[in-house]
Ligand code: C5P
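Consider the single chain below, provided in C-alpha cells and representing the form predicted on its own.
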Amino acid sequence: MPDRPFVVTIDGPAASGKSSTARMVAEALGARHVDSGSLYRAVTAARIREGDEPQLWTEESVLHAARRVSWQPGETTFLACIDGRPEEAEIRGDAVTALVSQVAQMRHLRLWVNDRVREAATAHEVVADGRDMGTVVFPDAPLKVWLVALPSVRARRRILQRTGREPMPEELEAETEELEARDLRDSEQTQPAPDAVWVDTSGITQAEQVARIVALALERRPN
C-alpha cells in the first residue's frame, strides 16, 4: 500500500492546456482534478474585492485575502471558493487574469497554495496541475508531466476558447506577445521537474495528449 494516494502532476507555461487536460485525465483515471491555478485566481479575486490599486498590494494583504478562499470538494474536482461560494466566472475574468501572475510570485502565498493542494491529495487520488506541482508540491509523484506548446498555438487556442472563432492576425500577434511576456515573468518560478515527461501539444489533439498521459499513468499506478 502506498503511503499516499496515487498522484499525477501536470505543469507547464500559461495557456498550455494544463487544467482542461488534467480534468480529462482525472476523469479517465477515476481521480479528482486539483487545479492549483484556481486558488491563485481566487485569492487574486478576493484581493481585488478588498480594494486598493494593485501596485499598493503587499504580500501580507494578499495573504489576508487568502483567508476568504477555500476548497469545495466535488465528485470529480475541487472548486476554489471565495467566502464559501464557487466564483468560476469571476476568477477566470480579465481583471484577475491581468493580476494573477503578480500574485503568484509572492513566496508565502505560493507556500499557502501548495499546502492546500497537498491537503487535497491526502485522501484521494489526484491529477494536480499548475505551478510547482512536480518540483515542490509532489516531488515524489509517480508521474510528472510537463505540458508545452508554441506560444502562437497557445494564443490561438486561448482566443478560440474566449471568442469561439478563429483569431484575426493582429489579435493572434498581440495574444502571442502577451503570452511570451508572461512566460518570461513566470520562468523564474515555474520549471519542469528533472524527471518530468515532456508532452508537446503543438501538433496533436487534446484527445491524443490525454490518451498519452493516461497510458503513462496506468503503467505507473500501483495495482
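We number the residues from 1 along the sequence you see. Here the structure is a predicted model, which is why all the values come from computation and not from measurement.
Only in words, not in the display: the form predicted in complex with this ligand, which the text now covers.
K.L.:
Looking at 146-154, 101-109, 82-90, 118-126, which lies within 4.5 angstroms of this ligand in the predicted bound form, counting heavy atoms?
P.N.:
Of the stretches listed, the one contacting the partner is 101-109.
K.L.:
Identify, from the list Asp186, Glu180, Glu59, Glu27, the residue with a heavy atom within 4.5 Å of this ligand in the predicted bound form.
P.N.:
Going through each option in turn, the one that passes is Asp186.
K.L.:
For the three residues Ser36, Tyr40 and Met133, verify that every one has a non-hydrogen atom within 4.5 Å of this ligand in the predicted bound form; reply yes or no.
P.N.:
Judged in the predicted bound form, Ser36, Tyr40 and Met133 all sit within 4.5 Å of this ligand.
K.L.:
Are there residues in 7-32 with a heavy atom within 4.5 Å of this ligand in the predicted bound form, and which are they, in order?
P.N.:
Result: Lys18 alone.
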